[in-house]
Every structure is written in structure tokens, then in C-alpha cells.
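Next up, C-alpha cells for two forms of one chain, structure 1 and then structure 2.
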Structure 1
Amino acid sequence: MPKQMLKTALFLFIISSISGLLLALSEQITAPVIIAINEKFEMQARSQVLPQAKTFKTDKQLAIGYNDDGSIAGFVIGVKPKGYGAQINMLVGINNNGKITGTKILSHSETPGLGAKITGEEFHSKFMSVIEKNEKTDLRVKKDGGDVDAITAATITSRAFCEGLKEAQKIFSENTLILNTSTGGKL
């Protein structure tokens, strides 16, 4: 009997080794492609929310965008406010003056057709025009006395969006404080 068991164990071992080898091989081929795709995607997303920046340097929670001449153009900050379904994973671009230059929703699980409109062009352009118009935008939905147009029938999603923006601004001011002290007041 032990001989039989040894044979069985050996068989499983061989099968698993072949499987491991095959997987390592496929990992070798695909890993660089996947990394390149993710980087390209991140790069695209960053230049979408902060169009004036030409190059980026990433830190933990934020990426610093630089102009052609090497001066800082602004920040791209990742935040995850709590939406109606689950967390909304979004990027916020903020320029030197603290003005929001763009937003992008990376992932969300809001209701299709209602809260999911948060990813739509319509919502984004409407929001950006509000930002353009006002010197200082009150980042709350109109229902709460702010300036942001909420998505119809998705107030909670819209509120979460505003929360994300405020969080991003907070991170922005904390970081500019650090930068200001370390560079002697020059941004």
C-alpha cells in the first residue's frame, strides 16, 4: 500500500510542478504588459484631471504634477468617499491656487442609471462649469445649500462626490504646508 501512496503523491507533485512552471511562464510574458497598461491608464487619468502638467511624480496618496520648466503645476489626489453602494474611488486634480482642475471616477458600485451617472460626461462638465463660474465654490450639493448640481435621484452619490472633493482639498492644504516649509515658502 505505501508504494501505491507514494506513486499517488508523486503524480500530484508532478502535475503541480508542471502547473507551476506553466504559470510562471505565462506570468513572465504577461506581467510587463499588465504593468505597462496600468501605468498608461494611470498616466492618462492623471493628465485628464490636471491637463496643464506635463510630468508627474507619484507619492503615496498623491501625484505631483510638474510644468515643462520643472515648476509644480498642481496635485492629483486619490480619495475614496463612501457612496450609496460602496466606496467611490476617485482622482481629483488641484492646481497651485487650490482650484479644482478636474475629477475622474476610477471605480464605483453605484446604482446603474442613477448614481452611476457620476462617471458620465454630462455630470462632470456641469460640475466643471460651476467651478469655472465661481471664484470660490461651495462644495456642497444645492439641496444642502452649496453650489454643486446633484444627479437627479442620486443625492447620496452626489454628496459622496462632494465629500471626496473636500477630502482632497484637505490633503492638498496639508501637503502644500509641508512643501511651503521645506522650500521656504516657494511652491
Structure 2
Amino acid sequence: MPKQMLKTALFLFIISSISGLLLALSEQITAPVIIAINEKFEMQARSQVLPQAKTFKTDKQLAIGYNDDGSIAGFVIGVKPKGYGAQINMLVGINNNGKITGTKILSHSETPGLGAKITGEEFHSKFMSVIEKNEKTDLRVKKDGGDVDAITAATITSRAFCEGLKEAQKIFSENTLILNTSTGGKL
């Protein structure tokens, strides 16, 4: 009996080792491809949220968008507010005047059919019309006294979206202050 158990354990060890080796090898092969695809997707998303920019210089959380003449068109800021399911990975485009030019949800774990509507065109177009109508938009859901219509039955997701926008505006303010100081008051 002990001899049979030893054979079984050795067999399982060999199978597990081979499986682990194959997984590591496939990860090594696919990781660069996945990274390249994600970078291409993020580049397209940057162009969507800051359409006036022709090129981007990126850092971890911030991308500076440049016009054809080399002047700064605005910023694309990555934020990850806590939603209902998990973090919502999103990009926010902000022009030189501090106005939001667009948003793009890169990934989320929100409830399908409810919070997942945050990625839909209907939510985005409603939000952008609020931004365009108001000189100074209160980035809170209407339930909290703000200007943003929450997604029905997904208030937590809508609040997270608004928190992400406020975080992006804060990052914008901090970085434009640094840029203004280093460029003599010129963006």
C-alpha cells in the first residue's frame, strides 16, 4: 500500500510540474502580446477622451496631449475609483481650461445590466450634455444634490464615476500648477 501511494504521489508531482512549466511558458509567450494590445486600446481611448490632441506623452497616471504645433492640448488622466463590484478603471480627458472633454471606462466589475451601463453611450452622452450645459458642473449625483443623473438602481456606481472625475480634476489642478510654475505661467 505505501508503495502504491508513493507512485501516485510521484505521478501527481510530475504532472503538476509539467503543467506548471507549460503555464509559465504560455504566460511568457502571451504577456507581451497582451501588453501591446492593452497599450493600443489605451492609446485609442486617449484619442477619444481628448480628441483635439494628436500625440501623447504618457506617465503612469497622466498623459499630456499635444497639438500638431507642439502646444499642450490637455491631459488624459487615469483614475480607479471604487465602484460597487471593484475598482472602475477609467480615463478622463481635460482640456487646458479644466473642462472635461470625455470619459472612457477601460474596465470594471459592476453588475451586468445595472452598473455596467456606465460604459454605455446613453450614460456618456447624458453626462457630456450636463458638462456642456453647465459652466461649473457639480460632479455629484442628483440624489446627493449634484448635476449628474445616476444610473437607475446603480447609485454606487454613479457615485464612483463622479468620484473618479473629481479625482481627475484634482490631479489636473496639481499638474497644471507644476507646469505653470516650470514654464513661467504658460501651459
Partner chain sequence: MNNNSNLLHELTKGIWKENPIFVISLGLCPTIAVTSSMTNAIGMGLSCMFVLVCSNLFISLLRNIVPNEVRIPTFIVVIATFVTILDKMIQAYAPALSASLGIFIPLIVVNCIILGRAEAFACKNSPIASILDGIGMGLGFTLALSLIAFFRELLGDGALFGYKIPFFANDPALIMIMAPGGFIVFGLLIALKRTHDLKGKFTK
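Whichever C-alpha set is largest while still superposing within 1.5 Å between the two forms counts as the rigid core. Throughout, residue numbering runs from 1 along the sequence of structure 1. Here the structure is a predicted model, which is why all the values come from computation and not from measurement.
Q: Which depiction, structure 1 or structure 2, is to be taken as the form predicted on its own?
A: Looking at both, the form predicted on its own is number 2.
Q: Rigid-part split between structure 1 and structure 2: do residue 93 and residue 33 share a side?
A: Answer is no, each lies in a different rigid part.
Q: So how many degrees does the small rigid bit swing against the big one between structure 1 and structure 2?
A: From C-alpha superpositions, the smaller part turns by 30 degrees.
Q: Using the rigid core as the frame, report the C-alpha movement of residue 37 between structure 1 and structure 2, one decimal, in Å.
A: Here residue 37 registers a C-alpha shift of 2.9 Å.
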